[in-house]
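One chain comes next, on its own, written as structure tokens: the form predicted alone.
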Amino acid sequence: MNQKNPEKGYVALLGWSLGAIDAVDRFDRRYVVVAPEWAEAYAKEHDIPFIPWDFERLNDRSYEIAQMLQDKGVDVAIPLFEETVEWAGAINSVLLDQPRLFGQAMLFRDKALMKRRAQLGGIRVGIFEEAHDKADVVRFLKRVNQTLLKLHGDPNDPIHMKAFDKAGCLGHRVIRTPDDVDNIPDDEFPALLESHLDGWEFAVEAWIHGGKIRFLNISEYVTLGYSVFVPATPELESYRPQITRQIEKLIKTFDIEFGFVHPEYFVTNDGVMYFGEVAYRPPGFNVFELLERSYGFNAYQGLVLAFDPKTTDEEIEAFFPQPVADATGHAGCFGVYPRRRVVSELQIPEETENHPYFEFHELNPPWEQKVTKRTAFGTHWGLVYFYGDDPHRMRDLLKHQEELDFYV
């Protein structure tokens, strides 16, 4: 454990993440982990400062956790997962005595509210609407395609249906025909409907302190829900000035003074940038680990710096590298999903394992033989990691993994 500096902020990590705990344990800030009870025994055994809390239940006791943290002298709460963003907003509105932080967290959690706020701030978004039942989905599909002047017999332009408040690809469906709508279970409503944006989709990770961007990374998706790498290709990096302006607009529109944002955007063929959504927590697909592999800095420690009100400008400047210029190579990962309906064993393809960019994988042998049908984007079975010096070779390598069987 590193020597803790009592002059610096005391932070609460909301959610259980061993990567985050390990990073903060090696950092100079005091910390406490607020996580579900099932993690308590492990925390005790490994001397991890811990408070058990059930994030599932928003109730009249919700104020209690803010009081507990305030009594301990905690300065700020950091959300590690989508499900703890609202809690962080509620807690920080008490700890920092800024009531609007809770309202801001609600915007980050509700995708429809988020899009409205973005639109009010002059940020470009596609057409969107809330759906309360299947009839709403069919109506939206028809209206979007009517607007696009589709003729009878033309294939429909797809629409997207997303859960209001889930992370990433969870609950994300692509709908092309009214028949697709029949397959949607009733418990997925209400949901957000969006028009399809044709273009290059990518993500951004931005650490913010004092209302200013302190480090901005552009993550290149090879295929959404399957693969990502950092830093991006020079082609995508050429949009950095435009992307930076978009993030500055986002900071202003959502009134963000500190912390970390993970927005997603589309660039259309004519170079117009559309806002997809924004999260106020670390990204999925282990992008923080990829950044550390590529740049050498720990992104979780950067998270603490961005949230801590006692962080100085000098600390931030010394901590974060120069984007792209300071990267030693490109780090990427591929999320494996079995391509067969029945599998019996894990078998890493030889061409993957023997590739000079291959580093390691986190795949386990299959639990059962029958592979459940991947609803929407579904959840991958584990990640395979790569590292190398050529971004185009990395992109092509990640794309090629989609054609290989890891489970046979």
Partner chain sequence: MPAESPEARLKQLTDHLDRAQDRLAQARPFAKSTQTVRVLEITRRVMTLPGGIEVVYARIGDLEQAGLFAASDWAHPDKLQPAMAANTIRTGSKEAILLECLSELRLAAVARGRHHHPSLTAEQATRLITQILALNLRLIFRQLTEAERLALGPLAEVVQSHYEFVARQIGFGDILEQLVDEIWRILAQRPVQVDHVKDMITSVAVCLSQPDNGLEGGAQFRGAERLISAVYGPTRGCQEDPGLQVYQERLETMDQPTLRNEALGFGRAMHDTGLVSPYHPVFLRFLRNRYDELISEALGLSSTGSDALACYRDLVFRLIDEAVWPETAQTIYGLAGLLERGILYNPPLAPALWRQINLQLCPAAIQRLGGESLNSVAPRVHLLAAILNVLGQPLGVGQGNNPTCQAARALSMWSSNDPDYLLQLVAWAARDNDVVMHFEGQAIHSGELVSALPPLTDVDPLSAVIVPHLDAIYHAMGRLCVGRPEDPHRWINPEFHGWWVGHGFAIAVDVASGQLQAYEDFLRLFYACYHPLYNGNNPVIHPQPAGIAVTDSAARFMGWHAISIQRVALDPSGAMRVYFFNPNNDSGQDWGGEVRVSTAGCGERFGEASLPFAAFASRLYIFYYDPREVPAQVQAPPEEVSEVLQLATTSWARDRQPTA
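Remember, it's a predicted structure, so these values are computed and weren't measured experimentally. Residue numbers count along the first chain shown, from 1.
The discussion below concerns the form predicted together with its partner chain, not included here.
- Only one of the listed residues (E64, E353, E37, E56) places a non-hydrogen atom within 4.5 angstroms of its partner chain in the model of the complex, and that residue is E353.
- With the partner removed from view, the residue among D308, E292, E220, E86 that has a non-hydrogen atom within 4.5 Å of its partner chain in the model of the complex turns out to be E292.
- For H361, a non-hydrogen atom is located within 4.5 Å of its partner chain in the model of the complex, even though that partner is not displayed.
- Of the heavy atoms in R393, some are within 4.5 Å of its partner chain in the model of the complex.
- Under a 4.5 angstroms non-hydrogen atom cutoff, its partner chain in the model of the complex lacks V32 among its neighbouring residues.
- Though the partner is left out of this view, I48 does reach within 4.5 Å of its partner chain in the model of the complex, counting heavy atoms only.
- Contacts between 13-45 and its partner chain, taken as any heavy atom within 4.5 Å in the model of the complex, involve L18, I21, D22, D25, R26, Y42.
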